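Below, in structure tokens: the form predicted on its own, a single chain.
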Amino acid sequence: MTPHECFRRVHRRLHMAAYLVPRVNRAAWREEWIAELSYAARQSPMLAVALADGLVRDAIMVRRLHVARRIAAIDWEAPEACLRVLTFCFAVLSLASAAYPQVRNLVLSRWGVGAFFCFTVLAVLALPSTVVTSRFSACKAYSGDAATMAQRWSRWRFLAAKLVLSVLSCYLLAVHVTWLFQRLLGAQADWLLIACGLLFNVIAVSWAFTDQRQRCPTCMRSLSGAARLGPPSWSLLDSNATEEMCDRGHGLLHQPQWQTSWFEYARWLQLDSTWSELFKR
């Protein structure tokens, strides 16, 4: 292989591998590798070709580290992260429905409109039972003693957005499941849709209320730092619960292990502004 062919191969590999590197790191990455390859080429063109074999692997590693840092930087406890995940799931199911003409025609047909109406009715019917099982109505954290009107509207809008996105995603998922078994079941596929609708709605609505109960009523961030309080022998005479805190210092949530005469339902302890210094980052 002539030196000219060696340089062309190295340049081609460098140009191809550079597209794998994130744009924010691409210029520095190219400068480092050009310096390394230039030093190797001065000794031997074949040595530069051998060194260029690691270009793609190094570019993939840089991309993986960049993605890992981006994922680690996501504030998963923020309410925006929850809505983004739900929106992503709904978008994926919508694209999957649009990709298959049979599913798309099924959703947009008269049957799809009726199925959506039935699915919505099942979601509404699932609300009372899921509120009871998730103990959402009994949680005093949502009495809003220290919350402003804007904060109250904000958390109810957040709950409504979660319910809408999760129910719509479950509807598309139920349609996909029904479509898979439509040829096998024939006219009985409608019963499968009702069964899937009931099951998926109960799971989605229960998760929405349970997740809402596990969040700070002030900033709607997920609570963290769960700590056990009291031994099980204190069930009647003292607190036997789990305490979780808001990482912004807004308060503490005490959740009993089971209902007792001493500590029946979850309690929210609102902290004043004097505690904010301990939670600064």
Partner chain sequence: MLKTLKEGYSYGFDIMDVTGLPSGTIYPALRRMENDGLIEGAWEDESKAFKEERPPRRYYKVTHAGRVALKDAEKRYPLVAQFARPRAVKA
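Numbering follows the first chain given and starts at 1. Note that the structure is a prediction, hence the values are computed from the model and not measured.
In what follows, reference is made to the form predicted together with the partner chain, a form of this protein that is not presented.
Q. Among E31, A40 and L65, does every residue place a heavy atom within 4.5 Å of the partner chain in the predicted complex?
A. Yes.
Q) Would A35 show up as a contact with the partner chain in the predicted complex if we use heavy atoms at 4.5 Å? A) Contact with the partner chain, yes.
Q. Heavy atoms within 4.5 Å of the partner chain in the predicted complex: does D247 have any?
A. Close contact is absent here: in the predicted complex, D247 is far from the partner chain, nothing within 4.5 Å, heavy atoms only.
Q) Is there a non-hydrogen atom of G54 within 4.5 angstroms of a non-hydrogen atom of the partner chain in the predicted complex? A) Close contact exists here: in the predicted complex, G54 approaches the partner chain to within 4.5 Å, heavy atoms only.
Q: Answer with yes or no whether D58 is in contact with the partner chain in the predicted complex, where contact means some heavy atom within 4.5 Å.
A: Within the cut-off, so yes.
Q: Counting only non-hydrogen atoms, choose the one of 40-48, 209-217, 222-230, 250-258 that falls within 4.5 Å of the partner chain in the predicted complex.
A: That would be 40-48.
(Q) For the stretch 84-115, I need every residue with any heavy atom inside 4.5 Å of the partner chain in the predicted complex, listed N to C. (A) None of them.
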